[in-house]
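Given next, in structure tokens, is a single chain: the form predicted alone.
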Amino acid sequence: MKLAVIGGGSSYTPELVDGLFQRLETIPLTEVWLMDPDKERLSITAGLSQRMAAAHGNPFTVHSTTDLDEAVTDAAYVVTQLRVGGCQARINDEKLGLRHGIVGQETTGVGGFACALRTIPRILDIAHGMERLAPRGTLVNFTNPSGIVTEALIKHSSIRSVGLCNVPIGMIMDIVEGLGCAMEEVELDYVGLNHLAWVRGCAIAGQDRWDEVFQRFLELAPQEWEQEAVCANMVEAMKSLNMGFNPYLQYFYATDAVLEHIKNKPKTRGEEVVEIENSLFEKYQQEELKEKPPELSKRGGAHYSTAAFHLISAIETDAKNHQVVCCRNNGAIPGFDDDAAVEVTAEISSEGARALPQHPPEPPIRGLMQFIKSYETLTVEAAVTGDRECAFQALLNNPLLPDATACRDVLNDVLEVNKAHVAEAFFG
């Protein structure tokens, strides 16, 4: 069985490969193909991955290629973890946001918008390649902004796809650590969109344990949001709603505090990541290194491989278990389009992910969900068509963006900065 990793030159690749060794009984891989256009980075990550495989007795072979078709041909699973434009594009987004006095984070606001315009055409290239060369394969998407990218796949490809984020599995592991239960026993009432989601309840081994779990979320809040002003806002909102929060809700519930913190930092997060990755890649080149280094934890993405292979294992074994993923709504959340991408608990089987029916979102969260889903849907359309007005309307629907005239300026800036990576039709 073949697994392809598109964006195989990513610093995350050793984390992904490491996770495979623990799942070989349920994921009987024979080949792992790493694909990336960056030959230098790919050579380094492939070399380390091959040494890791050798240290485990070579349960599968590791190949590298810069050719997309070669990578996806006959692949049972294709994992996407690419960053179009590299880290510099992320840094550009962050600084563009600061230029306009708004948040430029890579998945929300203008940063997520710019990232989506760059990424969706490339992701659809991968999906269309799979349609030709691996039509029965499953695309597992980690590429940000994961929810918007997953919706593009749902609407513009016939390939079975599932979007993943490490946040839900991270929440579950925090519960496991705090309450001493098994991961498989935890079932969250988790509803929303990628990076815009709430936990409304929790059962452990079939028993309602929400009061204890909610207290656990409150206890962990200072670790999740280290800035005092940000944390105070989040705790205030959590207590009012009696819900656990996806940490990215800070951009909506603590906007001013987050923006003030970002403005005062000497470096953007993208610039910090560049420094971390430079150090990691120096480490990866050491011939004696045959396992993922502990320094990789500084990169973020905790439980990344756990989420990926928990999903793939369940598909491969037709487990019909429940996992929080980003998938097609199909009526699961009332009031949202069937072909919208939502992040909810889903049944995972050999057919992929099927979103389980959810209680309607309560008024305190429904409005924000509708705003952001409108923004996401319009962003997908704009990325595919290159329609400037559609892109402008997307920004108007995002509460993190300014007024209409300023939105027009922001859009023009985004398109000019990203001219090499977005649809040509934007400039027609």
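Throughout, we count residues from 1 along the sequence that is shown. Please read these numbers as outputs of a predicted model, since none were measured by experiment.
From this point on, the text means the form predicted in complex with a further copy of the same chain, which you will not see here.
- The contact residue chosen from A257, V167, L96, I159 relative to a further copy of the same chain in the predicted bound form is A257, the criterion being a non-hydrogen atom within 4.5 angstroms.
- Taking L241, L289, C181, I276 one by one, only a single residue has any non-hydrogen atom within 4.5 Å of a further copy of the same chain in the predicted bound form, and it is L241.
- Shown alone here, A205 lies farther than 4.5 Å from a further copy of the same chain in the predicted bound form, counting heavy atoms only.
- Contact check for T377: a heavy atom falls within 4.5 Å of a further copy of the same chain in the predicted bound form.
- Contact annotation for A404: at least one heavy atom lies within 4.5 Å of a further copy of the same chain in the predicted bound form.
- Although the partner is absent here, A237 lies within 4.5 Å of a further copy of the same chain in the predicted bound form, judged by heavy atoms.
- Contact with a further copy of the same chain in the predicted bound form, defined as a heavy atom within 4.5 Å, is made by none of F142, E424 and F427.
- In plain terms, the part of the chain that comes close to a further copy of the same chain in the predicted bound form, with a heavy atom within 4.5 Å, is 359 to 367 out of 359 to 367, 53 to 61, 39 to 47, 66 to 74.
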